[in-house]
Every structure is written in C-alpha cells, then in structure tokens.
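Here you'll find one protein chain in two forms, each presented separately as structure tokens under the names structure 1 and structure 2.
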Structure 1
Amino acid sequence: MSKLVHLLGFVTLNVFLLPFLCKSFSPETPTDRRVLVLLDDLAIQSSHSLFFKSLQSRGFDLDFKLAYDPKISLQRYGQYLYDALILFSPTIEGFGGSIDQAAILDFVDSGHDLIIGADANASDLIREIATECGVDFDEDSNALVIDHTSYAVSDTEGDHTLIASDDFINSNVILGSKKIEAPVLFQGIGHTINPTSSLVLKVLSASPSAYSANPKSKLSSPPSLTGSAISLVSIVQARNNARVLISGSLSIFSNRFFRSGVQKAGSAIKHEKSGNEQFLTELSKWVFHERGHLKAVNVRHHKVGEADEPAVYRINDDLEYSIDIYEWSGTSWEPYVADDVQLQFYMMSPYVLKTLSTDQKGHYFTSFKVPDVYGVFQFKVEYNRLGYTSLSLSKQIPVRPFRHNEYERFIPAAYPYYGAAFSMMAGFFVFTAIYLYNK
C-alpha cells in the first residue's frame, strides 16, 4: 500500500516538474542552457575553439557530437534535451540517431535556436534545411563567392575567394552597440534570401562587385548570383521567436580567421585582428537570446483615481494603462527603454492609438478617455522592431453605455422644455375647467 502511495507521489511530482524540464527559451527559465554541437570531424572542436569558448564562458553547456553518431537525439520522451543546435557539419548527407531534416525543423518550430555553418561542398541536406529557413544557397555545388575588389590582401595573390566584408546590417540590437571596425573575413558559398520570406535578414552582405562562381573554371556564362543580392551571413527570427543563423562559411567561425589580421584590398589600413570574433560573438548573443528578447509584465489598467482593474468600462470613462517591458541581458532582466511603444484601444480598428510614456526604467504608461462607442474592445500592444522579439499583447475589455440612471438630470439648458411640458399639463387642467363650466 505504501509503495503505491510513493508511486503516486512520484507521478504527481513529475507532472508538476514537467513544465520546468522543458528547455526552450522561456521568460521564466532563461538560464542554464544546453547546446548540441554537431560536427563533421572532431578536429573542428579545436580549430574553432575560440568561438566555442566564448559560448562556454557565457554559461552555455556545449555537447559536442559527431553528426553521424548513431546515439544522438534532440528529444527524449517528448522533451527536448537541448535549447539550441549548432550544425557545423556542412558535408553531412544524413545524421545519425533520430535526427533528420524534419526533426531539426520541428526543433526550430518549437522555439529553439539554430546555427548553420555551411561551406563549399555543402550537402543537399544542409541546403534543404537552409531552404526551409528561407535562404537559398547557390545551386552550383562548386561555386564560391569571389570578389576582385574587396578581397582580403594576403601574401599570395590567390583566387580572391577570401573576402573582407564590412557591409553589416545597421542594427545595434543584432550586432551590439560597439561598432565593428575591422572587416570580417569570409570564405565560402553565397546565398540569396527567399523574397517571399519577410523573416530573414541579411546581416553580412557581399559587396556590389562580388559574384558566385566556380573559381577553378573559366566563367562561360554570367553568374546567377551577383552583387549585394548575395548574402554571406543571414539571420531568421521565426514567428515563435526562434532564432536561426545561417552562414555560407564554416571557416568564418575558425580560430585562424578570428586571430588573423586583415587588410581590405584598396584600403591602406591594416587591422591587427579581423572583425570575425566581435561579429560572431555579438551575433551569437543575439541568436541565443542574450539580446533583443523582450517580455511584457504587469499589464494594468484602471479608472483614473482608482486602483482596481474593473471588469467593464463605461463610455467616456477616463482610464490609465501601464505595462512593464524588460529585455533579457544574458544574466538578468533589464528595463527596456524606448519611446515608440504604442497602445491601441481596438475594436475592428483602433479607436485610440497612443504612444506610451516611459519613466526610462521599463515602465510604460498612458491615460486616455474611452471613446463614445460601446462594445467589446481590446487593449493591444503590437511591438515589432528589427532584431527584437515581437511583443503582441491583447486584453479584452467590454465597454458599456450609460445606465438609465447615469444620465444627467435637470440640465439648466433644458428648463424651457420642462416648463413647456408642465405648462401643457397645467393648460390641460385650465382648459378642462373652462370648457366644462362654460355652458
């Protein structure tokens, strides 16, 4: 009997713990994150160690596995084992274990983050995963991005596939507030962004003189990908706030590129260190939600002069609305400061649209008069900004008309009308009397 009780207790405990075992990024449990790194070759672990060390120093628990390891899996008993996945296995044709293309896409669909490092000779599997994320790699499997004007100067003349690019996306939230001075070294394949996808952003674009072709063969026909349409590194923020980083080069993450100096062709400045480390560290902070992840809490609204939230408002009530917005900084929730957060009082269309005032400490507030229209309204905050997770809050609230006894009585302007109505009644009595006694 006592065994049964123990068992029951264990089952109940598990049911309560289940939500906390889930590992995707959630505002409640944003720390202690596990990352699965899938490699072609364990040598990458040491040749790209600077990138991995920067992740580990920020508290990520990296789990290195060979991509064809038959024991790897992303989830067990329906629970994901990892928060994020790094695919540094550009040539893999089929993953080991239970991982396949659908499993990886499900992983992203459930809100987890993904970094894809493709490279020359990227496999069809990696290309298909990238296509599902909204970027298309150059179909020619031997093609590399070539740039004869903004290549990185090196001792040997080379084939100009080692590019020094400094065409970054202009966003402090994605690349950090510190400007990246040195160009980023890139050697790999180019991709284009699927024009139907509005969620993909080019973070690092090729220069207008770049093109994608096989450097070893003669160019017989015009290359299909040219100019700044070529994206070198792209990011995706899905509608569920999962973030994906897609790079056409694996060596961009390598220690060799991190440490190497760089001089862009045609430029006299020689940088001691390439921009790769800063670029990828900042970008990985964004991908792993250490920047630009917003949460809204303490949504409150009440009538002016009252503290409690009413279940219903009356037309023409004056009300106050407030909300706290925080941004995850990697270690704690910091107040988010902006001056463009807007509130809608919405029924089919916004009847009131107000920019919220802020106290610069993450508290946003406003007050307004309920419109002279009754019905079921919503308080809506729709906040979509480049690089930030989208905030979409709505709270339903009914608005009722005046009650019968809430109308104004004895209005001075209406006294003549009252007088007329009563004089008609008095007149009726007088008329009746005169009419009847007139005989």
Structure 2
Amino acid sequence: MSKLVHLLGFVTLNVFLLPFLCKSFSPETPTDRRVLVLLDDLAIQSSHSLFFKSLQSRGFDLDFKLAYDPKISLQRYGQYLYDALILFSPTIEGFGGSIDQAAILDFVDSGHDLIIGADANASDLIREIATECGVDFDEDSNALVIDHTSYAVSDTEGDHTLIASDDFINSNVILGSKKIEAPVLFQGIGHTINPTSSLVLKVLSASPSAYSANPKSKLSSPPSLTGSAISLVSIVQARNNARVLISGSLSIFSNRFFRSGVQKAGSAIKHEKSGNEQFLTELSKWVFHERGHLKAVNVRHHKVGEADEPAVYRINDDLEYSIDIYEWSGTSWEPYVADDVQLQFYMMSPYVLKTLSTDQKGHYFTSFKVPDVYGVFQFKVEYNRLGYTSLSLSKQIPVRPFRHNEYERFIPAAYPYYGAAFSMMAGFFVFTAIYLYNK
C-alpha cells in the first residue's frame, strides 16, 4: 500500500512539474528559451564561451551536455524539454541516451531549431544529419576549403585554409540592418546546396577562386567543389518554420576567431577584430526566431455594409476581407509593413487575386465582388518572403446561386426579347382582325 502511495505521489509531482520543465515554443513569445548544447569535449564550453555568453545575455537557458552522455534526452512523457538544439560535437559517432539521427530530425520536424557546427573531422553521423537538412558536405573526409586569393593574411605563410570571407547574403532580416564591415574568419569544410530549393540558403559563400581539397596532398584530379558554389555557412527554413544553421567550421564560433584581427589578402585594410561575432550573433537571432517571425491575427471577412461573418455568400455579393500581421522584434510583437501580401479567392484555381492594401500599422484589407460561379471557395493567403516565416492561411466558404425569388422581375438585358414577344402578339391580333373582317 505504501509503495502505491509513493508511486502515485511521484506521478502527480511529475505531471505538475511537466509544464515548467517543457517551456515549449509559444505563439505569444516565439523565441526559443531552453537550449540543449551537445559537446565533444567540455573544453569547448570555455573555448567558445563568447558565443554562448551572447546567447545567455539575451535570455537563453543553455544546458551543456557531453554528446555521449547516457542520460541525455530531448523529450519526456511525449513533451520536448528543449526549444532548440546546438550540436558542437562534430566527431561524435553515436549520441548517448535516447538521442539519435531520427530523434534529431523528428525534433526539427516538430518545429524546433538546430545549429550544427562541423569541421574537418566531421563524422558520418553529422554529415548524414546535414544531408537530411538539405546540404551535402564534401565526400572527401580530408578536404578543406582552400583559397589562394581570399585567405587571411598572417605572419607565417600557411596553406591558405584560413579564409577571410565577406560574401554575405543580402538580407537585413537574416543578418541585421548594420553592415558587417570586417570579413569572417573560416577554417573548415565546404558544402553545397540544391540550387532549386527555396528552403536552403547560403549566408556565407566562398569566393570564385576557392576550391575544396586535401591541403596535405597534391591534386591528381580537378576538385569536385569549386568557386562560389561552395557554401561555408548555410541556413534552412523548413516548411513548418523550423530553422537550421549549418556551418562547415566549428572554429568560426570560437573565442580565438571572435577576437582575432583580420586582413584579407589583396586588401590594405586590417581590421582589429573579425566579423565573426557580429555575423554569428545576428545569425543566431534569426535562427532562434528573435527576428523574422510573423503571425496573422484578426482574420475577418463579411459583406460590404455588414459586420458579421456570414456562413455563405451569394454570387455577385460585394465583400470585404481584412487581416492583421505582426512581426516579433525580439521582445514584443510589432506591426509588419509590406506591400506584397496577396489574397486568393480560390476554387481549383484563383478566381480572384488581390494585393492587400495596408494602413502601415499592420492592418491589411481589400474588397471585391464574388465571382458569378457557385461552389466551395477558399480565402487563401500564402505569404513567403526571404528571411521571414511563411504565412499560410485558408478558410472555406460556400458560394450559392440566386434563389428563384431573388432574380429581378424584369431583366434589362432581356428587353429585346420582351419586345419581340409582345410585337408578335400584337401582329397576330392585327392579322386576325383583318382576316376576319376583310370581305
């Protein structure tokens, strides 16, 4: 009996504490807060402390674990314990606890965010996870990105694997509005993305003179990865708005690269500090939804002159549609202002396509006449813009024809037919009278 009481008390306590343990993604405060950091070595916590402190200073709760810890888990009782995952364990061959490749991909598929830091020693496991996210690392496990024209100048002549790159994606949403003046130091492996995919983007690219090869051996054949096709750092925004950052260098996050001065080969300008800290701080704000996250509220439609939403429209009705769109600024929801939000009135194909007007305060609206076609339509807003979470809204509404007692008594378009009928009747009457009374 006492064991049963203890068991019931334990279950009750866990059920009570579960909401506090699982601070999941909330539509009201979309920023990730609890982050699991998996490391190859706890020394990385010190060698990359500036990056971690930048996250903690913005309110993130980082939970550092060794990647092979047998007790680690992403979820408990079917609820996720973390909002985001950072993998700074490039050499790991197998995770501990209940974490594996499938668990990490399920974590992303459930709408959570992921950062992957790889290097020249990246294991097959890390490479496979990156491949599932849409990028392919160089198949040569000994290959590094080499650039003999855009390398970082140093006191000792090296193998030009330390690259100074300033080929950033052109997006203020992703990298912030402040220009990154200094090049970013990068040393690691390159990868490619599918150019036809709109979900994967290069945020830091190699220069046209770069190539991927083993710096310790002579080239016996042309390298498989060359030029600007090589991505150094890429991002993914999945269809469920989960965000992933994939870097071919773990050192890019390190204190040494954050603090190092940098001078790009061929440039006379020597920067006292590299652009790594600014680049990764701004990029992490995007990955963790501190920027570029949209939500739509107050979706309304009704007939012109009315306030209530009807259950059905009639053909040729005049209607109004409105929606409010807000953007998360990192601390609060602010009105989102744009001129490219469109509405479709859709049945198999768009019968009406309207660009919504805006009052510059986040309120979007339009009006139009229901098509002269009856059936089941949808109000659809599909909004996709670089760097922003996608909005996909739809609501069905039936459209009916006129009832038999709703047609006009006399249709103006039919006046010629009315005239023809009455003139025929009058002519028949005249003809009959003449025929009957004519001797």
Partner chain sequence: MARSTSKDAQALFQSLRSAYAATPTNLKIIDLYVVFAVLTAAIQIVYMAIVGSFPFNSFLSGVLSCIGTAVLAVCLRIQVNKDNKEFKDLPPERAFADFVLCNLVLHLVIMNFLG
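What you see is a predicted model, and the numbers here were worked out from it, not measured in a lab. Here, rigid core means the biggest group of C-alpha atoms that superpose within 1.5 Å across both forms. Along the sequence of structure 1, residues get numbers from 1 upward.
Structure 2 is taken from the form predicted alone, while structure 1 is not.
Considering the chain's movement between structures 1 and 2 as two rigid blocks, residue 433 travels independently of residue 235, in the other block. Rigid-body rotation of the smaller part against the larger part between structures 1 and 2 amounts to 22 degrees, from C-alpha fits. Core superposition gives residue 416 a CA displacement of 7.8 Å between structures 1 and 2.
With both forms fitted on their core, the C-alpha atom of residue 194 sits 3.6 Å from where it sits in the other form; this compares the forms between structures 1 and 2.
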